[in-house]
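Before any questions on binding or motion, here is one chain by itself as structure tokens, the form predicted alone.
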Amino acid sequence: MTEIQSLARGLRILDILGESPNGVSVTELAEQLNLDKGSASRLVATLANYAYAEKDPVSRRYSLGPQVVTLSRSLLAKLPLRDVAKPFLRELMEKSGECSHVGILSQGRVLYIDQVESAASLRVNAEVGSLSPLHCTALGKAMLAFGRTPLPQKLERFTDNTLTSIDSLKKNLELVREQGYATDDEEFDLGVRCIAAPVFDYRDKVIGSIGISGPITRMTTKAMPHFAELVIKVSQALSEKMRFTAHRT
């Protein structure tokens, strides 16, 4: 298939910006795209003109722009899982007392498509539309364990508890499959624990995952079995609803 080179490079820049939480310089873009700095600068400047990228006036580094958020919201509004999951998220939050989240696989990461916040003053939120790694989040590991997504080859470290070897991740995913749920024990954020379970469709294919996140002061190791039971029960009910919804449509 013939492609338009400049458009392809522009889309690649969006990918790079999405993978770079601290922004990217024109020099770094040029190196990753194998372009001269002038061409890289013109491409990213064009994206900035249309608000798909924005430039920090101090660091002069580029990051994703607000137009990407607008498009993301339009996409999220069309996702059937998001609509169906809302009452299940509320139930999970009310029974656990913690923030509940639902996510799907996107660009090799977890895309948070909805959440219900806890009423607690100390709570753990996940911004809807944000992306997080698969290997160190409960939502991500639930999808990795029960889906067919290839394991990420680069396991970035976020805390001392992050699994950074493929062997350790594989072993952890075996445990996830045995127990039916995944955990994040301060692997992505210090002081935070998470539990998640997969969501299946009528083909028994993983289409996402649902779970809760909270501070370790409430989500203690002693309380984790209780939270896990809640998450599994709600994920199974949501999966049944998704199977029914798919057959009706």
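Start at 1 with the first residue shown and count on from there. Computed from a predicted structure; not experimentally measured. Each form is matched to the other, and the largest set of C-alpha atoms that superpose within 1.5 Å is called the rigid core.
Same protein, other form: the form predicted in complex with the DNA, not shown, and the subject of what follows.
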Quick one: which of 182 to 190, 213 to 221, 198 to 206, 58 to 66 gets within 4.5 Å of the DNA in the predicted complex, going by heavy atoms?
58 to 66
Decide whether Ser25 counts as a contact residue for the DNA in the predicted complex under a heavy atom distance cut-off of 4.5 Å.
yes
4.5 Å heavy atom contact, Ser39 and the DNA in the predicted complex
yes
Lys233 near the DNA in the predicted complex, any heavy atom under 4.5 Å?
no
The DNA contact in the predicted complex: Lys241, any heavy atom under 4.5 Å:
no
Lys233: with the rigid core matched between the shown form and the other one, does its Cα shift 2 Å or more?
no
Return yes or no for Lys37: a CA shift of at least 2 Å between the shown form and the other one, with the rigid core superposed?
yes
Answer yes if the CA of Tyr181 moves 2 Å or more between the shown form and the other one after aligning the rigid core, and no otherwise.
no
